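Form predicted alone, single chain, as structure tokens, below.
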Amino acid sequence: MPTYAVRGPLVRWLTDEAKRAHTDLGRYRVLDVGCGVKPYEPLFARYSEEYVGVDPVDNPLAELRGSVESLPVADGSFDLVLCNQVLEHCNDPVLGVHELNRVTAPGGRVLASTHGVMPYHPAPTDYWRWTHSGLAKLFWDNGAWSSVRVTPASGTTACLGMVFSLYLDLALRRARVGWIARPIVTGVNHLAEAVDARSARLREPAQPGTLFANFHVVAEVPK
């Protein structure tokens, strides 16, 4: 998978956070903002008492229709609010973060993810990219949080490997030999993970010169 540097760590992170939230909060209510086909719902099913999807477009899988900047739910309605791979597409991320804070219950948390590095991908729009410090500022400046933690999804080598893999896969599929890319991409993913695992500098977001494909944000609301 060319985007393994984003997707693999995202699933592992959400799996861990789903369990951690249950330990901290008991059974909880989940709001999935920009839910799409709800790919993450199975990760939360065993811990949640309700899982509600909201999407800005007509989506038969979503219970509600609305954008991240205008969520159609009451203040403090959900213990856990997901916003995964949405902020880069929204018109106003400042207002979006305000809304994520507003709908989260006291003592609850937001789990958000968004890109640091990614080729342009309008779906239907693609506006924003962040650094770890930019994301931390976005959240701290636009909500009442007790804590905000921003971590890279994977390391610099994985990010570079992802960009290489994306364009290799695209070129070979256009040449109608896309099958050739699969073992190469798999090898690049494994090698990149191994290199990043051996160097803390490649995984450290404050290190000048580093690149990260994706970031994970845990933002907690005061009790």
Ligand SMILES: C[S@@+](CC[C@H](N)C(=O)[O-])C[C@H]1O[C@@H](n2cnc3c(N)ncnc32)[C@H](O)[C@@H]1O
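Bear in mind that the values here come from a model prediction, so they are computed numbers and not experimental data. A residue's number is simply how far along the shown sequence it sits, counting from 1.
Here the subject shifts to the form predicted together with the named molecule, a form of this protein not shown in this document.
- [ ] Work out which of the listed stretches, 129-137, 142-150, 104-112, 77-85, brings a heavy atom within 4.5 angstroms of the named molecule in the predicted bound form.
- [x] That would be 77-85.
Task: Interface membership of residue 61, the named molecule in the predicted bound form, 4.5 Å heavy atom rule - done: No, residue 61 stays farther than 4.5 Å from the named molecule in the predicted bound form.
- [ ] Please check if residue 57 has a heavy atom lying within 4.5 Å of any heavy atom of the named molecule in the predicted bound form.
- [x] It does: once the named molecule is placed as it appears in the predicted bound form, residue 57 has a heavy atom within 4.5 Å of it.
- [ ] Decide whether residue 189 counts as a contact residue for the named molecule in the predicted bound form under a heavy atom distance cut-off of 4.5 Å.
- [x] Although the named molecule is absent here, residue 189 would stay clear of it in the predicted bound form, with no heavy atoms inside 4.5 Å.
Open item on the list: Within 4.5 Å, heavy atoms only: does residue 7 come near the named molecule in the predicted bound form?
Closed with: Result yes; residue 7 sits at the interface with the named molecule in the predicted bound form.
Open item on the list: Quick check on this chain: which one of 41, 169, 69, 193 has a heavy atom within 4.5 Å of the named molecule in the predicted bound form?
Closed with: If I apply the 4.5 Å criterion carefully, the residue I get is 69.
Open item on the list: Only counting heavy atoms and a 4.5 Å limit, does any residue of 100-136 reach the named molecule in the predicted bound form, and if so which ones?
Closed with: Counting only heavy atoms within 4.5 Å of the named molecule in the predicted bound form, the contacting residues of 100-136 are 123, 124.
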